[in-house]
Each structure stands twice: as C-alpha cells, then as structure tokens.
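We begin with a single chain expressed as structure tokens, specifically the form predicted on its own.
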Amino acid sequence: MKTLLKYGLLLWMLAAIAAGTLYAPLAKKLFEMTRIIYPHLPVAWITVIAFALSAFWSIVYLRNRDLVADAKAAIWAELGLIACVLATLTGAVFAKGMWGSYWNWDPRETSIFLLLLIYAAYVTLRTAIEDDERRAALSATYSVIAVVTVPFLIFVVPRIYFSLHPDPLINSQGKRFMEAKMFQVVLASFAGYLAIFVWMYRIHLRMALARLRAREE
C-alpha cells in the first residue's frame, strides 16, 4: 500500500508538471517564467505552514514538557527551512529570467533571506545545547517568538515597499490575480508538494521517536 502511495504521488507530481507545461497558459508579461510559479508558490506556502506548525508544537511542549512535542516542533522547523530554501532558489531563477540577476535585494528577497537566517539560527541553537530539556525549552521559546516575524516578513513588508515581484495571488480587494487553469495547476502542485513534506515529516518523526526510546532504555 505504501509503495502504491509513493507511485501515486510520483504520478501526481509528473501530471502537475505536465499540466504546468501543456495545460496552463503563460501569464502576461511573465512568458516562460510562468512555469516557475508552480514549484515556487507551493513551497512558499509550505514554508509558512511548517513554521506555524513548529510554533504550535513548541507551545504544546511549553505546556506539557513533552519531548515528543519538541521533536515535532524541531522537524517542522527544519522542513520549513528546506521549503524556504527551495522558495528562495526558485525565486532566484525567476529573478534571473525576468530582471537579469539572481538577486536584487528586492523587499521580498530581503524578507525571505531574513527568514532563512532566523530559522537557521533555530537549528544552530538546537545543535549547540546537549541537555534535552534545556534544548527543548529554549528552542520552544525561540520558535514561538520567531513565528511572529513570519507574517510580518512574508505579508507586511513586501506590501509596504515597492517591489519588482509580481502582485500577490490575492490582491488587497480579495480578488484572485491568476487565470483559472494556472490556479488549478498551482493547487495541484501544492497538494503534491504538501504530500511530499508530510511524508518527510513522518520519516523524521519515526527516527526521532526511535532516538527518544533508545535514550530511555
């Protein structure tokens, strides 16, 4: 069954890539760079979701002092960092195609760079502390504070300053700036990438639980 799910996910992602190439139209002014949207938007959304889940499990840890909750918080922070790196790399490819340079210190590029630094510091913090309880308590506190910066850096700062970045998917009037076929492919890609990250989460969680059981024995 698990093998079938893996093949199903592979077929789903291949279908999403094919749909992005053959089914969805090119966006006006973006031309071939339109294709970058289909991996870029999903991993950017997953970045926000993963960091929010990390903060959620950090709060659970602070309430219950449960190391399993700490492990879940750490895994989601690390997966969020991976998604953030992917969003940065796909954004850089888009920037090179549209503006001739991989990096322009645009407000959105600067914001996601700061987010990378904030959560890289979280991972560094965890590796620097050996005691489980102390590491979990400090990491949970850091995660709860760090997540406050996510909506500010992702949604607020890029809307305050002029940006080369295309308009967001949903504008300030609540209307969607995207062709219906493009939006369908974005959602299909998002479902596929989300399944991949949930799969990675389950693998990492099994490894973390095994380590916790080994320490208790």
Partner chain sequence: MKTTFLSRSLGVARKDWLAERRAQSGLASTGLFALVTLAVLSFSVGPFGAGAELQAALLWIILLFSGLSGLSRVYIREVDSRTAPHLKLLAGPLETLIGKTLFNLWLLVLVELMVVPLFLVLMAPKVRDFPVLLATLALADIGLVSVSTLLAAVVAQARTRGALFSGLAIPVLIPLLLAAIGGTKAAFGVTPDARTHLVMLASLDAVLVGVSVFLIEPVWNE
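These figures come from a predicted structure and were not determined experimentally. Residue numbers count along the first chain shown, from 1.
Unshown form predicted together with the partner chain; subsequent notes refer to it.
Although the partner is absent from this view, Lys181 stays clear of the partner chain in the model of the complex, with no non-hydrogen atom inside 4.5 angstroms.
Though the partner is left out of this view, Thr149 does reach within 4.5 Å of the partner chain in the model of the complex, counting heavy atoms only. Remark: Tyr142 counts among the residues lining the partner chain in the model of the complex, judged by a heavy atom distance of 4.5 Å or less. The partner chain in the model of the complex is not approached by Val93, whose heavy atoms all lie more than 4.5 angstroms from it. Comparing 96 to 104, 115 to 123, 68 to 76, 83 to 91 against the partner chain in the model of the complex, the single stretch with non-hydrogen atoms within 4.5 angstroms of it is 115 to 123.
Of the residues given (Ala27, Ala44, Ala188, Leu153), Leu153 alone sits with a heavy atom within 4.5 Å of the partner chain in the model of the complex. Of all the residues from 114 to 139, those having a non-hydrogen atom no more than 4.5 Å from the partner chain in the model of the complex are Leu114, Leu117, Ile118, Ala121, Thr124, Leu125, Thr127, Ala128, Ile129, Glu130, Glu133, Arg134, Ala137, Leu138.
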